[in-house]
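Quick heads-up: it's one chain on its own, the form predicted on its own, in structure tokens.
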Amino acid sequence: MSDCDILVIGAGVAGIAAARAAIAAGRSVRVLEARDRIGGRALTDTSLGLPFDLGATWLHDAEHNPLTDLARGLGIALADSDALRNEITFVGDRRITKAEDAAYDAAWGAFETTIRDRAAQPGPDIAAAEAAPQGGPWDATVAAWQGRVIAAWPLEAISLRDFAATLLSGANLLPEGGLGALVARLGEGLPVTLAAPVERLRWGGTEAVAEGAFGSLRARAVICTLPTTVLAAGALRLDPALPEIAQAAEDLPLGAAIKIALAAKGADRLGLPDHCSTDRQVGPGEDLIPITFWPQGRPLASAWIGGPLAVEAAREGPQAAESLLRAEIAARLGTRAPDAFRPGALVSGWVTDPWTRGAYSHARIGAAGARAVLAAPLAGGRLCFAGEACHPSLAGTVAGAWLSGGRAAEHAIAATA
């Protein structure tokens, strides 16, 4: 490997965006990636004969998402997930009534309004759970969705101010062939060295030196896109050390999530329409496992396990996650319903993946400013950190990672002018 103008550590979404921007500006670039593939937490699996995103799935806030136009430019069709969705909620083993459904919808609206209003008030930061509505028949279900599912961690441990700042809006689009496949295409042709984790980065002078089993590489500027969990664990040794970056990474832990897919055994569709999104009413502190049957008409059931339950299931292994999903299917649709699916399941492994150690970031209570600390360029832009955790409003999304990578590249390009 030759020395370069800009070194990018990590070939996930932020790293790909940063490398593309730096190359477009005429800089020499090298990307070092620890895994044997590019894409980071965006990965499309085809082992079931169909594309299934084990990581990032949607183009959130599609109207303002830079990947929307990039996908269309590649001729990739985008399906409107919200328009496709057929929603069914269960109360016990029965379907929700119209009156209950109206109350459920009202609880969703009340949650976001209450969260935003409380976050705007002066005073110290608090747990998002303290600001959420409580006591109504659907409040615990909405809280489970917003915390353990969407944020991948309980609201009791999440900063209210950061949670309110990162609430999503807009359309949610599904790229044909999978979002991970789209990200892989966007990274094609980049100067990436795989299986090359950086163990030490000496950055204090006018140039930086990255060291690892690959040897050493010098660069005039560095963009580091490692997940916060990896930074907090000290997997990359910074020399000189950066205590403020270490603290910011510690204050922005990744939640936990497991994605699971079961393949249909035959033609039985259990009386459910295509792209049927199912959930159920839960009580305070109870886990919720959303299940989508026949996503985009495909013969699959797809589920999500989030929060501490995902950590527990990950430790026990893929069969534990499959057992949880089959039990949920039986509880909603009857004990014979799981027989509609083949034995075995496709199960993601982000919680135990040493290069990820979780799903995506949330801020600890009182640490809403950590994203700005992590995103601030250092040494005049010669060292920048990027990734979904660095975006102030789109944290946890591919769009946030992409925009953060592009912004870091701007600083590095200016530093190497």
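Throughout, we count residues from 1 along the sequence that is shown. On a predicted model such as this, the values are computed, not experimentally measured, just so you know.
The same protein also exists as the form predicted together with a small molecule; that form is not shown, yet it is the one meant from here on.
In terms of contact with the small molecule in the predicted bound form, the residue from 222, 143, 257, 301 that brings a heavy atom within 4.5 Å is 257.
Note on contacts: among 391, 30, 27, 60, the single residue with a heavy atom within 4.5 Å of the small molecule in the predicted bound form is 60. Screening 377 to 385, 44 to 52, 348 to 356, 362 to 370 for residues having heavy atoms within 4.5 Å of the small molecule in the predicted bound form returns a single hit, 348 to 356. Not one of 118, 132 and 147 places a heavy atom within 4.5 Å of the small molecule in the predicted bound form. Although the partner is absent here, residue 64 is not a contact residue: none of its heavy atoms lies within 4.5 angstroms of the small molecule in the predicted bound form. Under a 4.5 angstroms non-hydrogen atom cutoff, the small molecule in the predicted bound form lacks residue 18 among its neighbouring residues. Although the partner is absent here, residue 230 sits close enough that one of its heavy atoms falls within 4.5 Å of the small molecule in the predicted bound form. Looking at residue 226, you'd find a heavy atom of it within 4.5 angstroms of the small molecule in the predicted bound form.
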